[in-house]
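What follows is one chain in structure tokens, specifically the form predicted alone.
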């Protein structure tokens, strides 16, 4: 049996955050029916899995019993990475202990900031004290692979508040950080709030905040391996690496995406339809895994880079970018520098034509 990745979209939230446009609902009475549908679909596809990722939404709104039932239904490799996103306010010591016994071995906390004013602005339900406590409790109950999300250039953020958050990160038992710049999505409450929009740092400050985060995280032992991702040695997210390496993964759940047999597909953003269908409906988006797509994704992996033996024309196209410090050539690859990451889309277009 071929092992691939498994992404499970858990579409439940207590409430939507101001910036979020991911699909979710607030009716938690549907979690049992949802769990049964996930199990039904996993069994129907018949794959084995060496990475599993519970994303959302808020996966930690599922009970440990529900998480365990889903994992028990899947053919999972003995050394699989099994990740689950968590909100700091939705977990307790007992919950974390039980979800670890259910099979989860990697947690990703949606912290976003360790500044209470920024958390309030974002619409998060936790404060900085809860975030610190959740991470420390996860370590206490036996998790050795713990990630946290941080948002850069959010409304009202200053260099001082960012540095405080980065300083807190360095002191916690974290092995991975996802640090990404705020993107204002159409249709979200944030996009309609002119006061908050006016307080978002400008482009120059946003760029400097990103470079500050890269530097501070590196000094704290988190090596940048992707534009927005940093890890201690050996703790890169194996599941997300599948995305960037154009490897196969199955998506299960409303709004989930997948990539199998050279085709990318998506599931409709409809929980009721997902629950009522014997097998989830999918829509084929396009073919995947082209040379251009692989090049684009390889360049996101700043630690691995674009192999020049596979893309020999890229070096000549990138000469001026190397001279300007946006690219570097190392060990037969082209890699984005931190400054290059800030204009990655333009660089990628230039290199792959």
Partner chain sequence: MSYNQENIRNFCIIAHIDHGKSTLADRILELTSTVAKRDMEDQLLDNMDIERERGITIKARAVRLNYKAKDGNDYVFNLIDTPGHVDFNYEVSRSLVACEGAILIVDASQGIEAQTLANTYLAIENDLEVMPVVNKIDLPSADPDRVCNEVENIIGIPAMDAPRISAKMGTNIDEVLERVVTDIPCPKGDNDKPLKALIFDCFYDSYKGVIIYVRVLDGEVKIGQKIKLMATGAEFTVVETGYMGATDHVNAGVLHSGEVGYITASIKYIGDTKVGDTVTDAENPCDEALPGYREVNPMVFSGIYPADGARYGDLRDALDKLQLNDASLSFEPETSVALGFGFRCGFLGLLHMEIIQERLEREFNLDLITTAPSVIFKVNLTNGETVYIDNPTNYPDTAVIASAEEPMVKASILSPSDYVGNIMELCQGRRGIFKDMKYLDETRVELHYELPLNEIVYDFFDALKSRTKGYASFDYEMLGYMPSKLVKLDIMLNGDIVDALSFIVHADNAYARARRIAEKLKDNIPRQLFEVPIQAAIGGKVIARETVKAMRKDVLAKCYGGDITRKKKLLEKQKEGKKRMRQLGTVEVPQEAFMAVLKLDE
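Numbering follows the first chain given and starts at 1. It should be emphasised that the depicted structure is a prediction, and the values quoted were computed from it without experimental measurement.
Separately, the form predicted in complex with its partner chain exists; it is not shown, and the next lines address it.
Asks: In the predicted bound form, does residue 95 have a heavy atom within 4.5 Å of its partner chain?
Replies: Residue-level check for residue 95: no, no contact with its partner chain.
Asks: Contact with its partner chain in the predicted bound form for residue 114, defined as at least one heavy atom pair within 4.5 Å: yes or no?
Replies: No.
Asks: So in the predicted bound form, does any heavy atom of residue 249 sit within 4.5 Å of its partner chain?
Replies: Answer yes; at least one heavy atom of residue 249 falls within 4.5 Å of its partner chain in the predicted bound form.
Asks: Please determine whether residue 69 contacts its partner chain in the predicted bound form, using a 4.5 Å cut-off between heavy atoms.
Replies: Looking in the predicted bound form, residue contacts with its partner chain do not include residue 69, since no heavy atom lies within 4.5 Å.
Asks: Report whether all of 211, 264 and 347 sit within 4.5 Å of its partner chain in the predicted bound form, measuring from non-hydrogen atoms.
Replies: Each of the three qualifies.
Asks: Residues in which of 282-290, 25-33, 307-315, 42-50 have heavy atoms within 4.5 Å of its partner chain in the predicted bound form?
Replies: Result for this chain: 282-290.
Asks: Just to be sure I understand the contacts: of 235, 109, 143, 244, which is the one whose heavy atoms reach within 4.5 angstroms of its partner chain in the predicted bound form?
Replies: If I apply the 4.5 Å criterion carefully, the residue I get is 244.
Asks: If the cut-off is 4.5 angstroms on heavy atoms, which of these, 170, 133, 181, 77, is the one near its partner chain in the predicted bound form?
Replies: So the residue touching its partner chain in the predicted bound form, by this definition, is 181.
Asks: For a quick check, can you give me the residues of 302-331 that have a heavy atom within 4.5 Å of its partner chain in the predicted bound form?
Replies: Heavy-atom contacts within 4.5 Å come from 320, 321, 324, 326.
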